[in-house]
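One chain comes next, on its own, written out as structure tokens in the form predicted on its own.
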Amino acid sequence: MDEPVDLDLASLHPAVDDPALTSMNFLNEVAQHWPDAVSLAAGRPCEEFFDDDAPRRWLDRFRRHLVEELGQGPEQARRTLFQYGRTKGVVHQLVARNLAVDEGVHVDPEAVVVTVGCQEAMFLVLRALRADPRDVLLAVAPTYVGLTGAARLLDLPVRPVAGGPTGVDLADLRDQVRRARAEGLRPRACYVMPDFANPSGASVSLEDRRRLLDLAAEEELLLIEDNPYGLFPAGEQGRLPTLKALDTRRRVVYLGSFAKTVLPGARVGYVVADQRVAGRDGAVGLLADQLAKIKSMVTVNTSPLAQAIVGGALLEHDCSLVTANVRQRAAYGRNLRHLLAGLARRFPAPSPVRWNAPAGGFFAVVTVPFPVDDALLRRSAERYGVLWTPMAHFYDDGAPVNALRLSVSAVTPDQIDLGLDRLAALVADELTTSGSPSALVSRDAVR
């Protein structure tokens, strides 16, 4: 006998059945369903560099920092680590030092709110900005699905802005802002990932970063800059300054994460919100103060123990994550170059298969002449033993997308070769099935 039904899905918030939320769970769990498949899907950091002894070492280092550098007594230090903590966080000063050392960003530590991963930082910012049913968010497409899902939970419509190989189409951004206003809407901010974006891998040039900031000032628009991959250029070129480093008019709300650079299991991120907010009584504070009020009702505070682990890692490297991630940067750059060379061998011209060549980060996008969806991904996993991510998850219109995302962060070069061999076999069979000339896929290149 079937169990009785207690609730109808229609009686819950519409977002719980939204494709964006479904996508996040699907992408997080897909590898668990096919553990024997080569996964070119996960955007997780490389586990080769995990150190079982590091969390304890970092925790001890942060405890010494509390006592020796901040002057806390043993009881107070124990309370800082083990009790409920300050809503804005207990490593805010170290985060501010890290931003100064690595990014040339100089902010008041009080403008930093330490969050439960960067996902909470996104949610807090969007919750604060969504003040009226007319409010809309702009986001460079394709867009990280976590941003889209957070907006859905807050009933904040997301309007796409063209991205393309240059990272953001500034003319389209201006057009979208003005079109929204002409419709009586209030565009509050534009979400952008200027460095090696997820999922596209695209980056915004220095000139366009400056133009983007000028446009934001002219249109009185905030920019939400998300920067989880900026420390990982693939070559010897220097890193471009973040939007926040170039921001002289406080147009940028900056989102950061320690998942890729310290330890994903700690689940620690942060937001820099130094915008000045005038209260009803005329007093002026920081946007960070308002975000902290929201956070107190969402997670109360970020785990002090998790923060201490991150804080100890920062202290161990004089607050430079560039220094701490030298090996990781080399590995990710090697893997990305290996992937791009492997694609060129397996799909030589005049193959209809195309791909971009990101300058760093974890991801590349492959375009194929047939639809790419979850059904094809399941077939790829079951029959060919390789996982990847359908790009359709990163668009919001439900239209078919003939592209897939490949990730290089959690695999070895040998696994990349094996995964590309299997992907080439899948593509060849799909081209045959769809009537395209399968000979355009080079089977001779398959090892």
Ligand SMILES: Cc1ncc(COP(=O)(O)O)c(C=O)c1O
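Numbering starts at 1 and runs along the sequence shown. Only a predicted model underlies this, so the values are computations on that prediction, with no experimental measurement involved.
Although not depicted, the form predicted in complex with the ligand is the subject of the following passage.
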| property | result |
| --- | --- |
| Full three-residue contact with the ligand in the model of the complex, heavy atom 4.5 Å, for Q119, M193 and R267 | yes |
| Touches the ligand in the model of the complex: F123 (any heavy atom, 4.5 Å) | no |
| In the model of the complex, N198 touching the ligand (heavy atom, 4.5 Å) | yes |
| D102, heavy atom within 4.5 angstroms of the ligand in the model of the complex | no |
| 4.5 Å heavy atom contact, N335 and the ligand in the model of the complex | no |
| Heavy atom within 4.5 Å of the ligand in the model of the complex - residue from G89, G163, G342, P228 | P228 |
| Position in contact with the ligand when the complex is considered in the model of the complex, options A324, L81, L153, A259, heavy atoms within 4.5 Å | A259 |
| Interface segment, criterion being heavy atoms within 4.5 Å of the ligand in the model of the complex, picked from 211-219, 228-236, 272-280, 308-316 | 228-236 |
| Within 133-150, the residues that have a heavy atom no more than 4.5 Å from the ligand in the model of the complex | Y144 |
